[in-house]
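There is one chain below, alone, in structure tokens, taken in the form predicted alone.
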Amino acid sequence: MRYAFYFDQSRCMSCNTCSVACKDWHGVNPGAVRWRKVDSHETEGGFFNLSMSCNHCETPACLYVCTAGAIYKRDDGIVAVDRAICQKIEDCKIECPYDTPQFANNKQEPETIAGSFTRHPMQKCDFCVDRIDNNEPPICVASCPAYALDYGDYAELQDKYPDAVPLTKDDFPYAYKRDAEDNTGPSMLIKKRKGLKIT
């Protein structure tokens, strides 16, 4: 099993319901931290959207640079963080090609996590493990009014959506931070919106 996300660019309306639902479900206070981001990208003749969270990569850059050992990978492919262990070194944020690791401030996270090593440890999408372990879809998938998101085993999603392509720097350069390497194997499949040229 390798859990993955699917995203259909042709369906996304940039309503941000997935992002808002994610914050609400996980109790992320208002502020800059977003576990799921919806960004619009201008093109010749229009724009298109990209909804992304942590890509729960096959080879997560964040995991391999975390000297505190706070980041780990479950047997089902979900990349998780033990916030109590995090030392806020922030190498994970520097190395992640998708700018996934997030750090709050005092306003967004006013209370220190009980027993945590540092104030405002790293946080990110956890694939709604509480819901997944209860055989429920991630809240972003469940809340999307346009059915632009789906989830499941990576291979099964490939069979279910044969016109979807893997997230790569060649096809989706705007999903990557500048100069980031394309070698993590993100667990993300995307149905591309047709007819618009990237500028």
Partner chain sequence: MKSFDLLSNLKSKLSITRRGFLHGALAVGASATVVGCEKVDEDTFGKDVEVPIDAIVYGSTGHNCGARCITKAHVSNGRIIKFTTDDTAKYTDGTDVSADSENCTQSRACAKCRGYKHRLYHPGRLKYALKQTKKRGDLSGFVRVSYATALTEVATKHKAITDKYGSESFHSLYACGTIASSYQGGGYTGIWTGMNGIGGKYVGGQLSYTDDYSFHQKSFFGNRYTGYTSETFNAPVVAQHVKNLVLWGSNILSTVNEKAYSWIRSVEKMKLRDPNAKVYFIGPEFVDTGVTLADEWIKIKPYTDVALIMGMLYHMIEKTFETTGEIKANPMLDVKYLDTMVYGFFASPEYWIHIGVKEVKDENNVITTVEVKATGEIVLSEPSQNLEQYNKVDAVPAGRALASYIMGDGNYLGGTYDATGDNATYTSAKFISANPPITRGARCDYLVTAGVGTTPYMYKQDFTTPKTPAWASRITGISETKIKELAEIYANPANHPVASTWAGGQTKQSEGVMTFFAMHSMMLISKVWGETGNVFDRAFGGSRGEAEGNLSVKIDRNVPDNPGSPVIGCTQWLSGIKFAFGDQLTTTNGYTGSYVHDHTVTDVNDRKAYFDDSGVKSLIKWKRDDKGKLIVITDNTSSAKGCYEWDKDSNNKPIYSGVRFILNAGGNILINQHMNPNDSRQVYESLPLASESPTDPDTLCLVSLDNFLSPSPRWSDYIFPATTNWEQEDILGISLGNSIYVPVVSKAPGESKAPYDFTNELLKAYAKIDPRKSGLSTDFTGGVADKSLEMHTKEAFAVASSKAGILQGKTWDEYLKNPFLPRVPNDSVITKSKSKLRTNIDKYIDLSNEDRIGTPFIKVDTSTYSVKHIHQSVNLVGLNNAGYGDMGGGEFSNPETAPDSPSRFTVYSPMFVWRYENRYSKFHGYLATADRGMKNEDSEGDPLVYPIPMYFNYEDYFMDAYGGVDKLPPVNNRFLLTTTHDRYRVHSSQAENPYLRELTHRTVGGDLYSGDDWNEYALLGVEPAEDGKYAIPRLNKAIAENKANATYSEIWMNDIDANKKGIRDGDLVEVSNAIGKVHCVARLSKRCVEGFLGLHQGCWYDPDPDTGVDVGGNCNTLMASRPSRADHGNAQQSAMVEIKRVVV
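None of the values given here were measured: they were computed from a predicted structure. Numbering follows the first chain given and starts at 1.
Below, we turn to the form predicted together with its partner chain, even though it does not appear here.
**Student:** Is Ile89 near its partner chain? Define near as a heavy atom within 4.5 Å, in the predicted complex.
**Tutor:** Ile89: no contact with its partner chain in the predicted complex.
**Student:** Since only the chain is shown here, I'm wondering whether Lys177 would be in contact with its partner chain in the predicted complex (any heavy atom pair within 4.5 Å).
**Tutor:** Flag for Lys177 set to no.
**Student:** Is Pro166 close enough to touch its partner chain in the predicted complex, meaning at least one heavy atom pair within 4.5 Å?
**Tutor:** Contact check for Pro166: no, nothing within 4.5 Å of its partner chain in the predicted complex.
**Student:** Since only the chain is shown here, I'm wondering whether Ala68 would be in contact with its partner chain in the predicted complex (any heavy atom pair within 4.5 Å).
**Tutor:** Outside the cut-off, so no.
**Student:** With the partner removed from view, which of 168-176, 22-30, 153-161, 54-62 is the stretch that lies within 4.5 Å of its partner chain in the predicted complex, judged by heavy atom distances?
**Tutor:** Careful reading of the contacts points to 22-30.
**Student:** Residues Ser14, Arg74 and Tyr147 are flagged as a possible site; in the predicted complex, is every one of them within 4.5 Å of its partner chain by some non-hydrogen atom?
**Tutor:** Yes: Ser14, Arg74 and Tyr147 each sit within 4.5 Å of its partner chain in the predicted complex.
**Student:** For the stretch 69-98, I need every residue with any heavy atom inside 4.5 Å of its partner chain in the predicted complex, listed N to C.
**Tutor:** Going through 69-98 in order - heavy atoms within 4.5 Å of its partner chain in the predicted complex - the hits are Tyr72, Arg74, Ala80, Val81, Asp82, Arg83.
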